[in-house]
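Next up: a single chain in structure tokens, the form predicted alone.
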Amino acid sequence: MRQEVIVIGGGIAGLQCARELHQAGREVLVLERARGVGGRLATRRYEGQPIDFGPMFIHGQNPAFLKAVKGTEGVIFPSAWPRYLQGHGQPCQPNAFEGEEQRAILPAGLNAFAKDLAADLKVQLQTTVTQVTPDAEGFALTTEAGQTFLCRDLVVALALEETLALLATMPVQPELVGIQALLGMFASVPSLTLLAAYPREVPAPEWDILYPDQSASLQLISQDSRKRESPEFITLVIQGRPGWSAQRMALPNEVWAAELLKLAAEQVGAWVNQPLWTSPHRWRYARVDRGNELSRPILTTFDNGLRLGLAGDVFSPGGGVQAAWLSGSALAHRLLNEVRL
């Protein structure tokens, strides 16, 4: 199955890159291993009520990025949420609350932004690429299910460690040695995350997000239901700190989830220990460690004219959704404007 361009990864970076290439008339196929697009911009539903469990809100100051966010149906932009913060713990993205930053939320869940980017794109879900082999004809991609795809231009828009793992499946190439060495200097950090739902009658606090003071365990507790108009349930999203999460990544879900719930109850109240429903999620690569970013995406051309592009939040300063979007956009511009050798 031959394509002009294949994008591996249906997160924000991959979708934005594919979208701009598609709008410029390029034939693009996005391969995504999950059941839906969005990557870490994730939303789950409990009896129809959305719960965001990756980023809690979208923020940024780049005009092009903010224009794209503003164009999403139903977006509340600019949004004051989170308006009420408690605690002085360290946010994942401290610049989110600086004066130039604008914030946005989506009543349908933040994942709606990713779905909007994916509109009109050819996306194949539940497709995991396990091997990439360049030859004279193009890149040959082999999937876990045994499918083979061919393309001349290949974009890899995965988490940093996933990108390195995929590059390692390729034969040793002079063009890749420096890239692999460079990316090996950076790292993502994990976050074990628990979603929990409660009856509306519980004594819910009056804050939107709690950043626990001096906690070595909890990164934040988001009262996600305060984003929603007339929510049926009180919903909390509890995120563990990177170091705490790394130490427990190999434990069974029920072990670390119970610990997170207990820690949250100590901060919020005993009612937290009695949820209607919980759902644990392992963010093995939650985000790039702050300050470990490159200034732009990578595009390399092989001797036979094949082009390999890399995008993601590590390829743009600042981290987060905006960095991922900007890296995908910048890579698309380079693919369209740089002459193939």
Partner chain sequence: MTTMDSRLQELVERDRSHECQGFGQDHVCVRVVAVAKLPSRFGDFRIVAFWNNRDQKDHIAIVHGDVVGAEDVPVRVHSECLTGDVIGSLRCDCRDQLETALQKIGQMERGVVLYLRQEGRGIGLANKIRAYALQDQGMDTVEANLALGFRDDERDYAIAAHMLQSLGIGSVHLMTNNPAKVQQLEQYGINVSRRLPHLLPPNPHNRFYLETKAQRSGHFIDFTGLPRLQEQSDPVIIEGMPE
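Please read these numbers as outputs of a predicted model, since none were measured by experiment. Numbering follows the first chain given and starts at 1.
The form predicted together with its partner chain is left out here; the points below concern that form.
In terms of contact with its partner chain in the predicted bound form, the residue from 185, 165, 251, 216 that brings a heavy atom within 4.5 Å is 185. Scanning 29, 298, 56, 68 against its partner chain in the predicted bound form with a 4.5 Å heavy atom cut-off leaves one residue, 298. Per the 4.5 Å heavy atom criterion, its partner chain in the predicted bound form is contacted by stretch 176-184, the sole one of 105-113, 89-97, 256-264, 176-184.
In the predicted bound form, its partner chain lies farther than 4.5 Å from every heavy atom of residue 276. In the predicted bound form, residue 292 approaches its partner chain with a heavy atom inside 4.5 Å.
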